[in-house]
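Presented below, as structure tokens, is a lone chain in the form predicted on its own.
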Amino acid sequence: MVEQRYLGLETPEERLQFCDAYFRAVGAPCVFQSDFYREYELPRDVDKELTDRPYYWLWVEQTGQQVPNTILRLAFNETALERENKRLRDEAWQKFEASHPSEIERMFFRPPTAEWLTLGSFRLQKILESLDSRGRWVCAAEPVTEGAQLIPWLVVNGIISYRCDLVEQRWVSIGVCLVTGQTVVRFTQLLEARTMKPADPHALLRRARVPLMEALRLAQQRLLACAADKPGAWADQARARLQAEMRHVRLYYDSLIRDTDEQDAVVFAAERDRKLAELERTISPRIEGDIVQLGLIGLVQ
């Protein structure tokens, strides 16, 4: 099962489109591109989020150094990785040779290399963390034509997790009308065909009749209702697995306790209880809900 955060990023094509959109949004221009390969020039704030080198930036800022922007080189499949690493090596070596380097310089020469951006890679994790940080709150609205009015909505996007020894996750988007209090599930799907642009939250809230905290409470109630609509077979199956595992543990340790002296029996009993508690913690079914993004959205009436 693909983790929720990787949904829509399973293929190289999807990851390439995602990165183009992300770097365009954060103001990092693409300075070179080829088939399944991109080079992005990182502004300083983006560099700090993606490269994980705080001491370098501490040195730069304390010494007032003027350093060039980092070029992030990303390959989205193995073919592009091999092709572009060869190109980077050949170009760097040609330029290096033209400078008539010494033997010592030759020993320490290292050409730039590309990274393979795949599921679980360090760079993709950093990009997703940056996206989470930058996208926790959004405010947008449809362009308003003459005579039209904007209706403000609070959008609550969250993840419902059904956890036991397995994990299943659902993305839930709930909209709450700040004029009527109406709630709508799968709200982001309603926005896909609409043109949106950044908006002033104060202007949107002037038409609101439902307080934001009340709207958030309504959204949480709807989130709980969405969580409860999954059939309970998964939980029953998890409890059955838990009981079976606990029986095996008890049978094993009880046989050890019967066949040993009192001092060792105490040790085996403690180990049995620890394993039972661990099984309880990992297999017992539970439902968790996390709000990952809030938005204030204006829709034309």
Partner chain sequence: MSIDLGADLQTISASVPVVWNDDWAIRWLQAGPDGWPAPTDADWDLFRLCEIGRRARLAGSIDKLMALEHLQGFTPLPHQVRTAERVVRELRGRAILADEVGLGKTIEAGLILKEYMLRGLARKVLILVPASLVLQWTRELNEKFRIGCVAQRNEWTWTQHDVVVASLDTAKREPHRSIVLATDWDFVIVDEAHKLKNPKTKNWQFVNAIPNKFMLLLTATPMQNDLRELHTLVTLLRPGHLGSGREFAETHMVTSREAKDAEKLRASVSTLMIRNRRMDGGATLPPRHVQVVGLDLSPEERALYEAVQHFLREEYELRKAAHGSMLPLITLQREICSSPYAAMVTLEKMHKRTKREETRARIEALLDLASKIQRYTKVEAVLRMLRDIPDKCIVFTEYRATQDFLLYMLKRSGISAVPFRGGFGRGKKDWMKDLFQRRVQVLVATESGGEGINLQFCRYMINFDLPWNPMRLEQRIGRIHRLGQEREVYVYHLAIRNTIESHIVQLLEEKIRMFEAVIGELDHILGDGGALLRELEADILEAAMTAENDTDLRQRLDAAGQRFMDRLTQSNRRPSRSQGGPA
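Given the structure is predicted, the values throughout are model-derived calculations rather than measurements. Numbering follows the first chain given and starts at 1. C-alpha atoms forming the largest set that superposes within 1.5 Å between two forms make up the rigid core.
Note that the form predicted in complex with the partner chain isn't included here; everything after this is about it.
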Out of the stretches listed (143-151, 161-169, 100-108, 67-75), which one is close to the partner chain in the model of the complex, meaning heavy atoms within 4.5 Å? 161-169
Taking the partner chain as it sits in the model of the complex, is residue 253 near enough to touch it, meaning that at least one heavy atom pair lies within 4.5 angstroms? yes
Taking heavy atoms and a 4.5 Å cut-off, does residue 91 contact the partner chain in the model of the complex? no
Residue 132 near the partner chain in the model of the complex, any heavy atom under 4.5 Å? yes
Does the partner chain get within 4.5 angstroms of any non-hydrogen atom of residue 9 in the model of the complex? yes
199, 114, 80, 177 - the one with a heavy atom within 4.5 Å of the partner chain in the model of the complex: 199
In sequence order, the residues of 62-98 that place a heavy atom within 4.5 Å of the partner chain in the model of the complex are none
Classify residue 233 as shifted (yes) or not shifted (no) between the shown form and the other one, where shifted means its C-alpha moves by 2 Å or more with the rigid core superposed. yes
Shift of residue 259 between the shown form and the other one at or above 2 Å (CA, core fit): yes
After fitting the core, residue 243 CA displacement of 2 Å or more between the shown form and the other one: yes
